[in-house]
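Take a look at this single chain in structure tokens; it is the form predicted alone.
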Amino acid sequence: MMMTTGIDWVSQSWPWWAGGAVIGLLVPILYYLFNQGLGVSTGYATLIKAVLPRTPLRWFNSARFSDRWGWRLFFLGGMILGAVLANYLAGGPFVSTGMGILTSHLEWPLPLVGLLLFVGGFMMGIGARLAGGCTSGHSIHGLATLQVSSLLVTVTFILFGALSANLVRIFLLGGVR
């Protein structure tokens, strides 16, 4: 039997059930500590409020973002730092421009790929705003608190995510599997 080190434990993919259990424990912990649900899109909005504190957009000036240096900003930073650190500990580069199968099969210049990802992220942000939350907010927090609207939104996310991924695979990547 092979013994794993701490670095192996951090840098290797976790089984689905372990990752799910850790993420699932965040819901009661966040309610206990902050009386708030988990949501990544709100973290991005908090980042925008921190960078642009005097934005004229009403939504960013709501009570939700009154503490622009709140826990959500650190949660967002921790996700990014954790991903970079896990990649580095696994022997990968500290910073990479590769996006897996997308950049290995799509021979576009880096600025064009960046623009594609920015537009996709922007569209996801609009969708999260229209849906009243992002996939983590609805699929983790909303389902854990038995909200029917979150079930409907989660099913919609999954269906259109699968459709979009297949359209990208077929039309942009030439049917790569």
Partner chain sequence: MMRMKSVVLLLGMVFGFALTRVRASEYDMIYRMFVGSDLTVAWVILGAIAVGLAGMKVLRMLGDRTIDGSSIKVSRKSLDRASLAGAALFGAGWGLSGACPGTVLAQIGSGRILGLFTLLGMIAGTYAYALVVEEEIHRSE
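Definition used throughout: the rigid core is the maximal C-alpha set that superposes within 1.5 Å between two forms. For clarity, every value in this text was computed on a predicted model and none was experimentally measured. Numbering follows the first chain given and starts at 1.
We do not show the form predicted together with the partner chain, though everything after this point is about it.
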May I ask you to state whether Arg54 is within 4.5 Å of the partner chain in the predicted complex, using heavy atom distances? no
Might Thr145 be said to contact the partner chain in the predicted complex, defining contact as any heavy atom within 4.5 Å? yes
The partner chain contact at Ala50 in the predicted complex, heavy atom, 4.5 Å: no
In the predicted complex, does Ser66 have a heavy atom within 4.5 Å of the partner chain? no
Can you tell me which bits of 70-87 touch the partner chain in the predicted complex, meaning any heavy atom within 4.5 Å? Gly70, Trp71, Phe74, Phe75, Leu76, Gly77, Gly78, Met79, Ile80, Leu81, Gly82, Ala83, Val84, Leu85, Ala86, Asn87
Taking the rigid core as the superposition reference, indicate whether the CA of Gly98 shifts 2 angstroms or more between this form and the one not shown. no
Core-aligned CA displacement of Leu57 at least 2 Å between this form and the one not shown: yes
